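Next up is one chain by itself, shown in structure tokens, the form predicted alone.
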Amino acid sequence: MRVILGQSTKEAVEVVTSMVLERIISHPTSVIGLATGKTMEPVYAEIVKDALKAKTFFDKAFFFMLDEYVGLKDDHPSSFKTYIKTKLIDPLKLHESQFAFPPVHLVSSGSAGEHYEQLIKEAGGIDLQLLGIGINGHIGFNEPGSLKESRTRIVELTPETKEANKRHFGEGLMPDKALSMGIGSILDAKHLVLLATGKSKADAIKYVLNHHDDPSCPATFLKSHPYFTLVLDPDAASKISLKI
């Protein structure tokens, strides 16, 4: 595991942005796994800004989304499909055909997880997977109790996760379930990059750095990956020793 401490949130975001752009520039046909959430918003804004300025082309790359709520329409303003369309696809004039979205429409048939796993396999696997972390240590929607071997599946969202995300739904009801890549699916990626920013993530980061393979904090499983980079801003790193 490699830990990079940014001197500011902006610097931490720039570190992650450069990793993505360098991968695309050096390997234009890369397969990139994308996370969503508030932490990733400045990353995608920076990617768009830098890519347009440098005329970096993403037209040969392919992208897999990490997760999606169950029960929302594709065009729901709070769906992750809408999120990435707004923040990356439209600004960079990419094609939706370059993206694979968790097939929530197959949930009722029971084949959604298996179908997504097959798509990842057919793409040759994910070269670089972006990740955020929940305040309870979840990765994607792999809540506490998730197993290291878990694959893409339907997960029940915890009250903490629902509370953290309900602001996106206004007066509408927050979904109870999501379709998410599993821990095992994530660990299959060739490179993992986790960005944590803000004081709300400090406890989770401290726990991750002091524990190994603990199902109560799924992010601890990532430490076994040979190419796992953890990028922190000062607030997220505020409860750990800077000598790590």
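From 1 onward, residues are counted along the sequence shown. What you are looking at is a predicted structure, and each value in this text was computed from that prediction instead of being measured.
Absent from the display: the form predicted together with a small molecule. The rest refers to it.
Using a 4.5 angstroms limit between non-hydrogen atoms, residue 126 is distant from the small molecule in the predicted bound form. Using a 4.5 angstroms limit between non-hydrogen atoms, residue 113 is distant from the small molecule in the predicted bound form. Although the partner is absent here, residue 30 sits far enough away that none of its heavy atoms falls within 4.5 Å of the small molecule in the predicted bound form.
In the predicted bound form, no heavy atom of residue 104 sits within 4.5 Å of the small molecule. Candidate site formed by 67, 132 and 139: every one of these residues places a non-hydrogen atom within 4.5 angstroms of the small molecule in the predicted bound form. Contact with the small molecule in the predicted bound form, defined as a heavy atom within 4.5 Å, holds for exactly one of 183, 35, 193, 208, namely 35. You can rule out all but one of 208-216, 38-46, 56-64, 22-30: in the predicted bound form, only 38-46 has residues with a heavy atom within 4.5 Å of the small molecule.
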